[in-house]
Every structure is written in structure tokens, then in C-alpha cells.
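This document starts with two versions of one protein chain, written out as C-alpha cells and named structure 1 and structure 2.
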Structure 1
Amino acid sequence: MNILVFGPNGSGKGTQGALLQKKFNLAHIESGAIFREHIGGGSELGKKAKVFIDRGDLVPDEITIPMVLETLKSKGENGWLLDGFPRNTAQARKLWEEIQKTGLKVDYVVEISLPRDIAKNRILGRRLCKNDNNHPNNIHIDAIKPADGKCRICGGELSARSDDLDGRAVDKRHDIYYDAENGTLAAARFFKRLADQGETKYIELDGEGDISAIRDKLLAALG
């Protein structure tokens, strides 16, 4: 099964994505996480990307598109869940072109919607567990508050992503996400039109609910 997930930073798409990845044994391909691995490993690509990421800008398409398409080819053989890509219409078109070329299908497109102010507050409160980035911890969400400053799942040390603590960078990331002309919402609309033509199935979820309610709705929609 191949799934594409859209949702603003802070909508819980990483958390839902991790649940789906486990349930259906998919490769969880997260463009932001691939960049962070490159940065952590000190690669040339990582050095180039960091400048854009720290500002909250998109990493240029010339770097991002080949990187993600390569990862899809090398890791996505047995099904994938793609998260964080496409983020604009150029990326959406390229992805669709590639999918058609390889004869693959996008079985489902999932869009988790969330008002912008709530998304921002959630990002500023988000904390990452050093043992597993997908352990949900957020100082602004009661249901997933850290336990005594440590990961509520495993007790691991927590930290915040530097691009999450910079309010201006968060605003920029959301400007890109909520841009329905050329940005990520436009990329989502691109796939919604494909769903209208019967090329894929489009699932819309309200990200304001709690994690388990959203997960139940999502699993029911996936049949």
C-alpha cells in the first residue's frame, strides 16, 4: 500500500504516520527526517539544506525532489508512507509523473486539517525523544505532556528542534503549508483532483480531535 500524508506541522501527521507505518509495515519516508539525518551525519547535502531549514524555508526543489524520489525507489519497494513531500505544486507534479512512469499507485491520500493558530501552539510545545522521534510529547497538549520533563513513553531525554522554537521560522513554514495557490495545500488539491478522477482515494480528517480518535477514523477509512 502506498499512502501520501498532508497536514500542517503540528497536526499530528507524524504520529498518525508512525501508527500506519507499523500497522501496514510500510517504509515511513519523511523528507524532513531525511534532511535531519543528513545534517546529523555532516553530509554536503545536509550542510546545504540546513541553511534553508533553519530559516523555515523550503530546501530548493533541485535538492529535495531527487533525494525523495531516490529514497522512494530504494526503500519503498514494499509500500510506503510519504510524509512532508510534496510541499508545492512543482513537487506534486514531479511525484505524479514519477508514479505514472513506474506504474505505481498512490492508494490513499490523507489530509489532516488544523487551524493555523492551533498548529503553531502545538509546534512550539513539541518535544523530541532521543530514543524515538515518533514518541509523542508536547508541553502544550495535556494528553501527551512529558512525564517529569522526560519522554512519557520511554523516559528518554527530550529536546526541541531548533526550527520549532523560532516563531518566525514556524510562521514561514505555515505560510508555505497554507498557501493554496502554489504551496502545500495546492499540492494536496492536485491529488484531490486526481481522486475525483478515480486515480486515488482521498481521506480528510479533522486534526483537532485526540490522537486515538483520529487514528480510529483513519483506520476505518482505510478499510
Structure 2
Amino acid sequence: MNILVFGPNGSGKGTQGALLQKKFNLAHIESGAIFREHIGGGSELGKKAKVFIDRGDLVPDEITIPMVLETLKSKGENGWLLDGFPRNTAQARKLWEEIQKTGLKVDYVVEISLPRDIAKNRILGRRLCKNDNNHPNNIHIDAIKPADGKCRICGGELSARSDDLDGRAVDKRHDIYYDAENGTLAAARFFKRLADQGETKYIELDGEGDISAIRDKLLAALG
């Protein structure tokens, strides 16, 4: 089973992705990790990407997309969940074209929707467990509020990413995601049109629900 997941930062897609990874034994592939692995491993694509990153430039799609595809093929032999890519319509279209060429499938596309103001508030309250970043802890959500500053799942130490505490940085990330003309939502709509044509299946989830309710609805939709 191959799944492409969309959702703004703060929507809970990382948590739901971790649940799917464990249940279906999927490779959870996140775009940032792909760059780190290729650059750290010294691959040819990684070396090319590093030149752009070191200059502070965006890595061109002609490098990024082959890097993504190579990771999907090498790590996703039992199925994969791709998170954080594509981020715009051009990337979505090119990714789909290359997936068709390689014979890979996108069985499901999952979109977790959430109002922007709620997503921002969740990010500002998000706390990361040192033992597992996917343990849900948020000081602004009663259902998953940590007790005594410790992870509510395992009791591990909690911390916050510096960019999670920077409202302007959060807004910048969300500017990209919520742009339905040129941003990530536009990429999601590209795949929704493909689903309307029978090329894949599209699952829409309301991210305002609690974690278990979203999980149950997602699992039911996956059959």
C-alpha cells in the first residue's frame, strides 16, 4: 500500500502517519529526511542538492524528484507513506509523470484539513518527546496536555522546536501550504482531480477531531 499524505503543520499528519506505518509496516518517508540521507550518504544526487542548499537556494525539481523516487523504490518495498512532498502543482504533476514511468502506484491520497488559526495554535503548543516525536503532547489541547512537563505517553523529557515558537515562521510555512493556487493545497487538488478520474483514491479527514476518531475514520477508509 502506497499513500501520499497532505496536511498543514499542526494537523496531526505525523501522528496519523506513524500509526499507519506501524499497522501496515510502511516506510514513512519525509521530504526533509530524504535530503539529509542523500547528502549524508554522499550520493550523486545528494552532492548536487548540497550545492544549492549551501547557497541557500531551493533544490531544483530535476534533482528533488529523482531523489524522492529513488527513496520510494529503495525503502518502500513493503509500501510507503510520503509526507511533505509535493509542495506545489508543478511538483505534483512531475511526480505523477515519473511515478507512471517507473510503474509505482499511489493507492491512496489522504488530506487532513484544519482551519489555519487552529493549526497555528496547535503548533505553538506542540511539545516533542525525546523518545518519540510522534507521541502527542500539546499544552493548548486538553486531551493531550502533558502532565508536569513530561510526555503523557512515556514520561520522557519534552522540548519545543525553535521555529514552532516563532509565530512568523509558522505563518511562513502555512503561507506555502494554504495557497490553493500555487502552494501545497494546489498540489493536493491535483491529486483529487486524478481521483475523480479513477487514477487513485482520495480520503478527506477533518483534523479538528480527536486523534482516535481520525484514526478510526482513516482506517475504515483504507479498508
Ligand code: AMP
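This one's a predicted model, so the numbers in the text were calculated from it and none came from an experiment. Heads up, when I say rigid core I mean the largest set of C-alphas that superpose within 1.5 Å between the two forms. The first residue in the sequence of structure 1 is number 1, and each one after it adds one.
- Only structure 1 matches the form predicted together with the named molecule.
- Relative to the superposed core, Cys154 shifts its CA atom by less than 2 Å between structures 1 and 2.
- In this overlay on the rigid core, Gly167 has a C-alpha that sits less than 2 Å away from its partner position between structures 1 and 2.
- Taking 2 Å as the criterion, Ile176 does not count as shifted between structures 1 and 2: its C-alpha moves by less than this amount when the rigid core is aligned.
- Comparison between structures 1 and 2 places the CA of Leu58 7.4 angstrom away from its other position, after core fitting.
- Here the two forms are laid over each other by their core, and the C-alpha of Gly41 is off by 11.0 Å between structures 1 and 2.
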